[in-house]
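The data below hold one chain only, encoded as structure tokens and taken in the form predicted alone.
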């Protein structure tokens, strides 16, 4: 029995797919045959990734909307009608500079302003809820669907200076488990992928090396993550091979949290 993934009969929508992990996920879903809607709040990014997929022989179209706007998200998802929804968009609140390695440190909780929590909850939790709420009815009607949400190890292990972000990501994972319980008998699976530190394609070689030197002791594998690492797990969970997997959170983190 060969391990092949064919998603040629499926439509996927990936939020935050104009760059980084989302871009890799969209490209790999398209490579597996899915028609991919590339979401980003920045039209140019969504259009660029859609062109990349088309130039590689895939099928894609941009889907420009803000996941934190429940009406806009609902309208766009109704239009694109995905069989596979990947809730990828996220924000740590750190404001990483282009070309720099990831920086996750923000203020300590007691030094933070409650007003700053709202955006982190809106993007990392409510955006997931809005998009899922909009996508599920058609999935249930068809009797098949995949909801895959990208969360973070910050929501699974103690993380100083990331309290609001950690709460939002843990909330997204808990939300997904509960939704899996509600829709499991309808043919829809709901899972999460929990990522460790991923170095994006825009990080300079120097910054990547500095991050590796600083963080490598936290990982059992001899490197930090790449966007393709996230994409591989998402494509698997979207495939027929994952029909009997739901309500789970899968760490893709180089052994950062090596537990049962």
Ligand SMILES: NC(=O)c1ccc[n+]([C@@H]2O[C@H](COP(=O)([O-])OP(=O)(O)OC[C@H]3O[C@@H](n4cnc5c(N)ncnc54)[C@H](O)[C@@H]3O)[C@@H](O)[C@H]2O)c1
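Numbering follows the first chain given and starts at 1. Being a predicted model, the structure only gives us computed values, none of them experimental.
Same protein, other form: the form predicted together with the ligand, not shown, and the subject of what follows.
Is it true that 132, 191 and 250, all three, sit within 4.5 Å of the ligand in the predicted complex, judged by heavy atoms?
No, the candidate spot makes no contact with the ligand.
Considering only heavy atoms, tell me if residue 229 and the ligand come within 4.5 Å of each other in the predicted complex.
Taking the distances in the predicted complex, the answer for residue 229 is no, it never comes within 4.5 Å of the ligand.
Can you work out whether residue 42 and the ligand are in contact in the predicted complex, taking contact to mean some heavy atom pair no more than 4.5 Å apart?
Yes.
4.5 angstroms heavy atom contact with the ligand in the predicted complex for residue 173:
Looking in the predicted complex, residue contacts with the ligand do not include residue 173, since no heavy atom lies within 4.5 Å.
Would you classify residue 218 as touching the ligand in the predicted complex, given a 4.5 Å non-hydrogen atom cut-off?
Contact with the ligand, no.
Looking at heavy atoms inside 4.5 Å, which stretch does the ligand contact in the predicted complex, given the options 145-153, 77-85, 178-186, 108-116?
That would be 145-153.
Residues within 4.5 Å of the ligand in the predicted complex, restricted to 15-38 and counted by heavy atom
16, 18, 19, 20, 21, 22, in sequence order.
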